[in-house]
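Listed next as structure tokens is one chain, alone, in the form predicted on its own.
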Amino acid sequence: MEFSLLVNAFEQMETTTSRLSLTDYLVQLFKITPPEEIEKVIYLIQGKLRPDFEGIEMGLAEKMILRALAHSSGKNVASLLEIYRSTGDLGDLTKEAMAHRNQTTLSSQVMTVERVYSVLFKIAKTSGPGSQEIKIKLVTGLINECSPREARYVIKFIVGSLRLGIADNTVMDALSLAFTGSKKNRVLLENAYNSSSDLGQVAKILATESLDAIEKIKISLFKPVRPMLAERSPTIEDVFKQVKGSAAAEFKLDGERIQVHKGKGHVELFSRRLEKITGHFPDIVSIIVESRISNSIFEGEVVAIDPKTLEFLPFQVLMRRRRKHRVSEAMKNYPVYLNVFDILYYDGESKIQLPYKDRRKLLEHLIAEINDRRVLLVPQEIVEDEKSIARYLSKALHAGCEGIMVKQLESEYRAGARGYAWIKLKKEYGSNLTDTLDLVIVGALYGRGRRVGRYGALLLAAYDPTSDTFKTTSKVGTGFTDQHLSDLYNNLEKYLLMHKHPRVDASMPMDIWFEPKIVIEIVASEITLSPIHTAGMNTVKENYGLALRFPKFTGKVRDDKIAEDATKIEEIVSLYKQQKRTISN
């Protein structure tokens, strides 16, 4: 397949703000893509070479790209930097520099998707002594063979600035339309994706085989399962109405959710975002490796503890374990416990269809086989009425937990789904909103005074799964230290946009926009009606959405969450209604 066809689609998608148009462009692209190449096209669209859980990264710094471009364009690095300052994007710089180079393209052959993908993959896999020079030569050779338009997207892919505004749900809609003629079959693709976390594989099977083959994709070792998610419930009374009888209440710990895969002599750990994080917790890995269990997948919460008092430490402390260097020092300073709460696969068989009460029994057997005090079951108690829920919530808060999880005893594990089979309860709501919300940064206003050169206020949004969009609910400018502002400024740079993202529903003007990627935790005094913000628009009152009053950043960046895991619109609507009932009482 000619790479220029993919570039044509990218250019169309890059300039649209309509999700429907994005879907149409993808459908057209998939229809002209040879079935044997659809897998690679899907990965390239997602801005990756393989699924996240394989952890393949390009490993090319900005300076290395500039050196490669200097070789290809005939310009020196200083002149390239001058152009870069005006364009602000290495891909745009590449297009301009290559359009005015003093030499012609070294190859008269048509650039193909296969050629681009294979060279990019080789770059990513190159390591060891002299690898940087090899990578530079590979980049130089590839962009020499490309047209300036093609070279632009090669570089944008390498540096991670391929911002097409496409979510996985949009890709699955387009795949369903392109290969089955109906969006209704999207649910089958989603089920397969939830089990495999590999959208490229799902697309390849759909294109080369059939929907029946898609339904045969099941959970397997070392391919993380997309996690089951809980609904938020505002009160104990509401929780009890949802469970309708006995349920399991468990401590909700302030840690990092991980998925453990154990084969014969081999262990891998995956984050909630499906990234491989095995290297962050070698102490946990060694415990699991030495255990008697095999062919199992289970979930738990890794929590940092004080080595002297054995008390739970905050999430921010745990994040200090996320490092590539000085791991031994981090292990000593921030020891962790793994609190196991569910099992998905055991002794080579999927267990997600079992009722939760039966999965818990399997977990008890699993913990006995591990036999290490640093791996234990999440504390649990069977609750049967509102009083027992309140009592257990109080016990959890006293132990330093965020709250409790209440789980239906007969519920199956629904990969990738959110529902009331699991219910999250943090605190009772009084006249104020005392729980936290996880919101996505979608825009910003430039700072003034001591914040010049940084962002003064961030525009935040909640997620609407129905429309697959992010709808605004607040601006926040308080709670940030200088270090927070500096870190966020640097992290947001890679998601910078000059126009509103197609999946962002906002009516407020911003100085700058961002791809919805970074999730932060916010606390506020209450939720109010707003004629400006779009979250919950027309749900409570016509022409009004919902906004946070006196929002404040808690200091926690939710690196463990993808944007679609942010607080949902319906949660905010529910909290608003519950808040009003509480105030009126």
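Because the structure is predicted, anything quoted here is derived from the model rather than measured. Start at 1 with the first residue shown and count on from there.
The same protein also has a form predicted in complex with a small molecule, omitted here; what follows describes it.
- The stretch in contact with the small molecule in the predicted bound form, judged by heavy atoms within 4.5 Å, is 248 to 256, chosen from 479 to 487, 76 to 84, 248 to 256, 172 to 180.
- Scanning V243, M405, I288, V336 against the small molecule in the predicted bound form with a 4.5 Å heavy atom cut-off leaves one residue, M405.
- A heavy atom within 4.5 Å of the small molecule in the predicted bound form is found for exactly one of R115, K424, R273, R186: K424.
- At a distance threshold of 4.5 angstroms between non-hydrogen atoms, H71 is out of contact with the small molecule in the predicted bound form.
- Using a 4.5 Å cutoff between non-hydrogen atoms, V378 counts as a contact of the small molecule in the predicted bound form.
- Using a 4.5 angstroms limit between non-hydrogen atoms, R19 is distant from the small molecule in the predicted bound form.
- Contact between D438 and the small molecule in the predicted bound form is found at the 4.5 Å heavy atom cutoff.
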